[in-house]
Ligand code: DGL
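Just the one chain here, laid out as structure tokens, in the form predicted on its own.
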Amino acid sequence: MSAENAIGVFDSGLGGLSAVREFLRVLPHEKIIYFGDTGRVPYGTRSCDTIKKYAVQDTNFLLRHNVKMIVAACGTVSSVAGDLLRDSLKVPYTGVVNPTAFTAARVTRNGRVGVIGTSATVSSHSYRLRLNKLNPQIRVFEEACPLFVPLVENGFIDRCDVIAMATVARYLWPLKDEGIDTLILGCTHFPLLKEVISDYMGPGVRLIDSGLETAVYAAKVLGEQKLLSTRDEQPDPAFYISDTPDSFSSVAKLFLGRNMEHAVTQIDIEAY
């Protein structure tokens, strides 16, 4: 395996681009190949068997590009299919759960940690199980926030937007009442609501961005395995999706935080 091979990143849709943004920042010399399963989004409401099937197809596609590492930038896949992928892949793999839980366990001061994510992520209790394994004294409070994804994808992310503020308050008041001091943003869409969430939760609550923590962890793994790229400059990332790319540029700009200057290719994911 060559250190110059790409890192493969996938998500159920375009939310994983918020993780790609962090990968481009943390690993500035790496080639990133991203697949967003926009034709079958969302994964969060699917059965466990369906999520596992989709995850295998997504990774099979990325492996065709000889990637040196697979990253499931999706809280749902990481929670439901993470063990399956970790056991079956012959390249390094990480989801978002383990790196994020590790950081949350390290930084909490009062041992009260909140987790927000899709219904599938919360139902799997993946973050709670991992946190309790790291530190049995930590109390974990979970809340599914199914309206956050459509909120983000429709652009309701401004900290002064009344719809965003009301939706955040509707979901997060139970966690606020529990007195948590650390909140895991367990879906890659959620960092785009970071300002709204932070304003509501207050300065005493630290938000943990799963995309950032996963990028930092991936850098650590690649370094340990001597797979970090030695390029002088970062090559252009490559983007693939499973549905029409018509609105990709505008949505991608939202998640990446910069103008989209790269082509996107539509593929038939069912072929994998």
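No experiment lies behind these values; they were computed from the predicted model shown. Start at 1 with the first residue shown and count on from there.
Below, we refer to the form predicted in complex with ligand DGL, which is not included among the displayed structures.
The partner is absent here; in the predicted complex, the one residue of 97, 71, 113, 187 having a heavy atom within 4.5 Å of ligand DGL is 187.
Contact with ligand DGL in the predicted complex, judged as any non-hydrogen atom within 4.5 angstroms, is confined among 104-112, 170-178, 188-196, 86-94 to 188-196. In the predicted complex, at least one heavy atom of residue 118 sits within 4.5 Å of a heavy atom of ligand DGL. Proximity of residue 61 to ligand DGL in the predicted complex falls outside the 4.5 Å heavy atom cutoff. Contact check for residue 33: every heavy atom lies farther than 4.5 Å from ligand DGL in the predicted complex. Interface membership of residue 239, defined by any non-hydrogen atom within 4.5 Å of ligand DGL in the predicted complex, is ruled out.
Residues 41, 42, 43, 44 are the ones in 34-59 with at least one heavy atom within 4.5 Å of ligand DGL in the predicted complex, listed in sequence order.
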